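There is one chain below, alone, in structure tokens, taken in the form predicted alone.
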């Protein structure tokens, strides 16, 4: 059976994704070995006897050789067993799945806001180069990119909550219904999205200007095709490819930035879960949470690569020629 170039490309990307996940899992396990402090001593407290520390280390498997611990860890991950919380004894996967929807919601809201605002700004700047609004957009985009997320979060709290009293800050609004939950999502999402609005606007502007100068666009104009149709139906699809690539990488950065947002705005999520687990050397929780983030980031980049096949038909032809 002869596979098409596109199917071979998809298959190779799937294999690469699996190798990345396995490598990340091994690296994650190795990094936890270098965290200072004995988890058993931290959990049992300073008054614990050496015998109690040794017994608890045996229960946690800390006295086993490193390669044996790694083999056990990889085997458990393949079966979906990410270990148990050393504090409560609950399965770690249950703890992660309880808070992951909050982090995912915050990340998707930030990406959605960045796309909704960044794409129109980039399109307008590309179709009106050198205009006053284009220059203002350039300055504000650079300013948004330069500001750290946690600094933006603090200023948003001071302005819209402390001074103006427009928006609530803490928590996710579990008891206030959907309306209250959306209001409490606004400030964290904006604090994460501002820099990405600038990224998307400037990158899309540069890509769109390049595409609008290509030969097939000039040909379409010569045949009298309306400019609006040229920009939004022909050029934008090709110009969006670099932006899609940046968004694929942005998911990982937004998941990391969500840690600061969850701490500043006292939201439950993977960030606060990892932060609390590190404080008590709760290795299984840290490993599981970070592994979930790595999996989401890797799968997102896989979907990004596959999106190229839809956005750029030329890629499929190049794959066929490479064969």
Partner chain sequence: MRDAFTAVWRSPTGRIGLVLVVLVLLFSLAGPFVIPYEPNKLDVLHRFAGPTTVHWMGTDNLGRDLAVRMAIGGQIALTVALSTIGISLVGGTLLGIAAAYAPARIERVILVLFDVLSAFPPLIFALAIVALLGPGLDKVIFILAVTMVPHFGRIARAQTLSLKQAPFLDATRVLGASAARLVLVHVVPNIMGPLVVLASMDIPVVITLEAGLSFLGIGVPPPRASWGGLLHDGYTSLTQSPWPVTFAGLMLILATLGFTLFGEALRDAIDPKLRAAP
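Positions refer to the first chain, counted from 1. The term rigid core refers to the most C-alpha atoms you can superpose between the two forms while keeping them within 1.5 Å. Owing to the predicted nature of the structure, the values given are computational and were not obtained by experimental measurement.
Keep in mind that the form predicted together with its partner chain is missing from the display, and what follows is about it.
S.K.: At the 4.5 Å heavy atom threshold, is residue 24 in contact with its partner chain in the model of the complex?
M.R.: Yes, residue 24 lies within 4.5 Å of its partner chain in the model of the complex.
S.K.: Evaluate residue 28 for contact with its partner chain in the model of the complex, applying a 4.5 angstroms cut-off between non-hydrogen atoms, and reply yes or no.
M.R.: It does: once its partner chain is placed as it appears in the model of the complex, residue 28 has a heavy atom within 4.5 Å of it.
S.K.: Give a yes/no on whether residue 278 approaches its partner chain to within 4.5 Å in the model of the complex, heavy atoms considered.
M.R.: Output for residue 278 is yes: heavy atoms within 4.5 Å of its partner chain.
S.K.: Would residue 142 count as touching its partner chain in the model of the complex under a 4.5 Å heavy atom rule?
M.R.: Output for residue 142 is yes: heavy atoms within 4.5 Å of its partner chain.
S.K.: Consider the chain as shown here, without its partner, and state which of 136, 72, 104, 151 has a heavy atom within 4.5 Å of its partner chain in the model of the complex.
M.R.: Going through each option in turn, the one that passes is 151.
S.K.: Though its partner chain is not shown, can you say which of 158, 115, 183, 87 has a heavy atom within 4.5 Å of it in the model of the complex?
M.R.: Of 158, 115, 183, 87, the residue with a heavy atom within 4.5 Å of its partner chain in the model of the complex is 158.
S.K.: Verify the flagged residues 260, 294 and 297 against its partner chain in the model of the complex: is each one within 4.5 Å by a non-hydrogen atom?
M.R.: All three within 4.5 Å in the model of the complex.
S.K.: Of the listed stretches (185-193, 225-233, 92-100, 143-151), which one has a non-hydrogen atom within 4.5 Å of its partner chain in the model of the complex?
M.R.: Result of the contact check: 143-151.
S.K.: Quick check on residue 26: with the core superposed, does its CA move 2 angstroms or more between this form and the one not shown?
M.R.: Yes: residue 26 shifts by at least 2 Å between this form and the one not shown.
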